[in-house]
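Just so you know, structure 1 and structure 2 below are the same protein chain in two forms, each on its own as structure tokens.
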Structure 1
């Protein structure tokens, strides 16, 4: 998912499938390579054992208000980080860094679902005696309502759930409920039927979109008065555009928290987040202690300064599961010619782009980024301008007019300018179009936009599953006239079939190596010129314990992990 940043330092065996198989084994093993003390101190949620203190008010800042403060609708890292401690789905990602954070554990569900009926039926039970922060009981029907509410609010997340039986019909009519979800309020049983097997469905059940909310929550954006919480904190005040506040959920310690021991209870009593558009001010405020935590990394302009001064004490760069790349539209000249695409791959130099991104991008030349299950490092096109020019000569393409697209956000605009220069050197006549970041993907996702030749794009995973890259970005069958994400418009039948087949299987070691093969096959097509994976960062004030702060692959900073030093 774009903007949804992720940390997974090494891709080892699939934590996800392990959990799926071990079902109710729980995550007690604590096998993570990092700070065991953290998970322990979090688990109890009582007095800090890791050298931190409990209580206090945490002050934080965002550069912009999240897209929505509504679990069913928000589809950005901003929103997910903010609501992570407030809304808990039936399943949840573990509040841990690295690959451990990609592990799916039971959330409001008692245990991991039983998967039957040829991988098409998921059965699970809601925990008993759970309450919302307003004291109302959490019901099994609330889950069903949450899925329906995704469709009713036209949420950007609803496409994840269209494979549930009856969901497509419901999206059209918005009447009669989704027939494929059956709940039993007495036993708390929840049964979900899918149209066809879906290997990513566990991941999707752990997304914020389907976190249960009371059934009287209106079918429209609730950003100004978010629904009651099921997690350790509740949002007490939300002013879209300005900021929001949290307090502890009074029913967490009494009821919910006792059952969900793997979900941390948090350390501070209150959290206040303000929106401050000036990132430089945010940095100053962290330095002076006025703020304790900021969501966005320091601005490029001050990144080095902050890194030099505070790395290790208050600052920690955090890798993400993302790929930055240049796409090449294969349906038109000159990029329909494979030699040209290969030439571009040889010509684009990740080292130069690392510098353009001031070290906040680490060079790679493949589809899957490090940290994603299935990632296996390879490099088909080491930078070689001479070879690139030879390939262009062989291809016979000359003096072609092409348009390069990028967005206004720095340094993506510089990356576009750099890319334009590279293409010019290869002998093309290049026009650069820099569009506003808010519109960029809409414009290039509309296949009828003229002159969509080549350009910049990035992709941040929605959840740690390689299907989230291949199916959306590279499956020829996902090409659609608008909101298209397959910008290269690559449509190779055998590859499509491979993606579709893998999509139905639960992720295991075998599937991972197949995804790795797929990665290489797509790069042999040279359909993209990938150049790197993004690094974000954690930056806190002096009095916050950096050691115990957790950066989760899917949810970035775990607000529940921030504590004041003693």
Structure 2
């Protein structure tokens, strides 16, 4: 998933693919004495396994506000990390690091689905007696509404669910509901019928997009007033652009947590997240104890300093399954010209970008990142500026005005400046637009935005399946007017068909080989100019237990894992 506005990203997921934690405000680690209410609120999970202190208020910081604080719409690591402890889908990813964190477990559903009808029908039952944080019962119909709300809000995640019977028609008309989802409010039965088998559908049922919400939730962005929670925490205040706060969901201990014992209840009583645009100040605040956790890595000019001083005690580098790249809009000149796209790929130097990211990016020139099934290293465009200029001359393109887009977060802003320089060297007249990271992906995901020529982006895994790096990002059928993720707007019918066919199959060695071939086919089209895969980090104050803090491959920092030391 395109998860990190900085990254993420993870982002973010997932993968991302990472959220906000913070200081022991109001009492620090010493404030974490376990009251009766605190110990009750840990009913759903193993609260004190790490031997830390229970309770207290954590204070954290993000460099930018999430794209949306709304489970059906958010598609960044910032948003997914933030909402991970708040909204639970029917299925969920295990709160664990590494491969274990990609394991799918029952969430609001009693058990894993029964799959029948040639892998086209999924049957589940909602757990009984579940409640939202406002006391309202969670109903089977809330799942159906959540899926429909994805389409009603033009969510970037809606293409995941177009193979549900009736979903494609509903996407067009926004009327009549999705006929392929049948629910029984009395028994809690949920039956989902697909048009064709979908090898990733279990993964997609575990994504935030289809986490149930009350059916009176408006079909518009709810970032300023997020829906009631089904998870261990609820968002009590959300101020877009400024920050948000959490408290424990009172119905988690009473009802939900007692049934969902595999989902951690968390250790702290409150979390307060602020948006602080100055990443260096965030580092200072971690060192002083003013903050307990920061979402984004330290800025590039302080990364090595922090790593050398705190690694192993307060700081952990975290490799990710991600691809950083420059997209090129193939619907307009000059990037509708394949020779121009090839030239850009030869001109972009991953080694230079490794230096810009101070070693936090490992150079690559393909779509699938290392660690993703189907990855097979190749290099079609070794850095060669002379070759790039020859291709520009052959293309016949001269003196073209180009707009390059990137966001404000370090070092993405520097990557955009570098890319501007590369395009100028190729002979283009280049304007650089650096947007506030809060709404960067919203702006470039709106296909009516003027001058969407080329720019920076990243993608962190939603789940460990190569289709996640092709279907929404590169399938022409996934292009949509708002919240679009196919920034290059590539639409090559034979490649679309290959994506669709592979998506129907269960992943195995043969399919992995085909995804590796698909990776090379898209790069022969010079679809993107990929330049690296990212390492992120977990950085906490000295009174947070680093040993028990969990980094999940899709959700990054598991906020429920953060605890104060005794």
Partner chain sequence: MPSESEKSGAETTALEGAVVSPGTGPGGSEFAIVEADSGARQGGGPWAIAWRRLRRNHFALFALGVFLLIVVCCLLAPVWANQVAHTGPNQTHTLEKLHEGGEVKEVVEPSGKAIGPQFFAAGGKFFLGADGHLGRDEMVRLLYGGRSSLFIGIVAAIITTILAVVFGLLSGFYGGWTDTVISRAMDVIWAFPVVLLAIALGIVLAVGGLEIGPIHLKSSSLWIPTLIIGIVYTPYMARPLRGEILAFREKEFIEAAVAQGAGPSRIMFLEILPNLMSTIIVFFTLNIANNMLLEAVLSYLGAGVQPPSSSWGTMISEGFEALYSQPLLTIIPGTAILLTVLSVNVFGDGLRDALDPKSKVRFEARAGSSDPEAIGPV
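Think of the rigid core as the biggest set of C-alphas that the two forms share within 1.5 Å after superposition. The shown structure was predicted, so the numbers you read here are calculated from the model rather than taken from an experiment. Residue numbers count along the first chain shown, from 1.
S.K.: Have a look at both and say which one is the form predicted alone.
M.R.: Of the two forms shown, it is structure 2 that corresponds to the form predicted alone, while structure 1 does not.
S.K.: Rigid core superposed, CA of residue 248 - does it shift 2 Å or more between structures 1 and 2?
M.R.: Shift of 2 Å or more: no.
S.K.: Would you tell me if residue 189 moves between structures 1 and 2 by 2 Å or more at its C-alpha, with the rigid core held superposed?
M.R.: The answer is no, as the C-alpha of residue 189 shifts between structures 1 and 2 by less than 2 Å after core alignment.
S.K.: Could you check how many degrees the smaller rigid part rotates against the larger between structures 1 and 2?
M.R.: From C-alpha superpositions, the smaller part turns by 28 degrees.
S.K.: So if we fit the rigid core, how much does the CA of residue 531 shift between structures 1 and 2, in Å?
M.R.: Rounded to one decimal, the shift is 5.8 Å.
S.K.: Upon rigid core superposition, what is the positional shift of the Cα of residue 339 between structures 1 and 2, expressed in Å to one decimal?
M.R.: Residue 339 is displaced by 13.9 Å at its C-alpha.
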